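Coming up is one lone chain in structure tokens, specifically the form predicted alone.
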């Protein structure tokens, strides 16, 4: 059986890579199941529908939900997709099978340590907890093994990126004059962004949070750890989105029956995300007193530039899908939509995810605007936006994409397309209920990060509908989303256990309508784009960090953040540079 399909199936052409991908998908899907269960408990508890846990344990569930879904599920799945895309597009296996398994093992060990620390909060006798939420900056403190697990996980992702760069280097030796294949280009630019953006959180975890949790230092500068988190906390959004973009650009057009509209536009989009995604994290800190308003305004301006690659993506992907529809006989201004393969769960899931991402983009513009952000900051609006972008655009694309990818690495056909179709539609409907209710609740001022649905002697009001109706929508949405995950895991499990097929899936990806030859070669100069991205980070963060250290009591705290000005930060930098220069002169003399 395997011999008959050896020229077509990924699992036969790259068996070692298929094994690595299956392992990463397995961890991702286990995390998805546990995280979704925690989400159901939260939705029912917070809306006061069913309460099976104490409110104190709500925060353990909230941390587990955020870490297992937003970090473990997404990034393990991403690693599987990138490993597949690198081997497929470069048409070569990884340089070292042992090295590939090493980063899988390191990420898995880190995940287990962090998860044990989180779940330890449910057993008080263990004296271990990590109720620090997904945003794990000070002053909330977790058990040391939580931070150690996170550090191991991040180092594991760095090694995974090194694995793909080693494959690229070997490919380049044999193809000196060739353009980088599009999928490999997407993987490499995304990983460069990841290396740059994770430096902040690595410094925060290794130099501040781990020593602090071990009692080696008495205090940390909370604003500094918060800023270092958001330095990484916004580009991680694009780290989640880039595998979804990779699938929208290279797989979705094929499922629609067509071809990618423009390879050059796709490359421009990924370069823009590399340059613009990191220097904008301060837009999460508009209400923090220790950062000057001028720096916040600069962050807001930079954030608005990020609309450009998103709009380019919307244009390119829709044009590609329309091309596919017209190849299938679609006609008219909008009637071509009816010619698309809506019975294919992989296509329908990705298309619905893209449509929901457009709504998430609009709510994201509200978050990014300084003045409007004040209205919804720390309200349920924010997780509403998060569920539109990461919870739908990313998660639904990953689940839908699995219906096309899993058969390639297992050699078995999808168990049930109707169940898959029902699952992606159920996810979409559930998320419509949940995100709509969360956004409207945020406009009513209902806070996030609380286990209780009410405040004493205070009543929230909505201009349309009622608070009761919003709670019902959240509970209903959470229930539908959990049932959708159950259907997904059931379908994938039976797919994996199925019999091998000669042709588990049509894995051929057609060439773009406009190929890489239409784009300037400078787009492939990864070293130059890396240098520019690093320079933009230095320009955006040097003065704010100087002010935070100066106004917050130094690197390790000891003082309270105070209102800051641009001039104060500038004076501190000039003083530091002058002192260092004088010291250097003294050494030379």
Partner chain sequence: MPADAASKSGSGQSEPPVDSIVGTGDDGIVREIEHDDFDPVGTLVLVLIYMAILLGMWVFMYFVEFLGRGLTVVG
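All of these numbers come straight from a predicted model, not from anything done at the bench. Numbering follows the first chain given and starts at 1.
Below: the form predicted in complex with its partner chain, not depicted.
Asker: Taking the partner as it appears in the predicted bound form, which of 337-345, 232-240, 218-226, 281-289 has residues with heavy atoms within 4.5 Å of its partner chain?
Answerer: Heavy-atom contact with the partner occurs in 337-345.
Asker: Exactly one residue in 126, 486, 375, 494 has a non-hydrogen atom within 4.5 Å of its partner chain in the predicted bound form; which is it?
Answerer: Of the listed residues, the single hit is 375.
Asker: Which residue, 425, 513, 166, 119, is the contact with its partner chain in the predicted bound form, using a 4.5 Å heavy atom cutoff?
Answerer: Answer to the contact question: 513.
Asker: Could you tell me if residue 480 has a non-hydrogen atom within 4.5 Å of its partner chain in the predicted bound form?
Answerer: Flag for residue 480 set to no.
Asker: Is residue 468 part of the interface with its partner chain in the predicted bound form - any heavy atom within 4.5 Å?
Answerer: Outside the cut-off, so no.
Asker: Can you check whether residue 248 is within 4.5 Å of its partner chain in the predicted bound form, heavy atom basis?
Answerer: Taking the distances in the predicted bound form, the answer for residue 248 is no, it never comes within 4.5 Å of its partner chain.
Asker: Heavy atoms within 4.5 Å of its partner chain in the predicted bound form: does residue 98 have any?
Answerer: Contact with its partner chain, no.
Asker: What residues of 315-330, in sequence order, lie within 4.5 Å of its partner chain in the predicted bound form by heavy atom?
Answerer: Stretch hits, in order: 315, 318, 319, 322, 323, 326, 327, 328, 329, 330.
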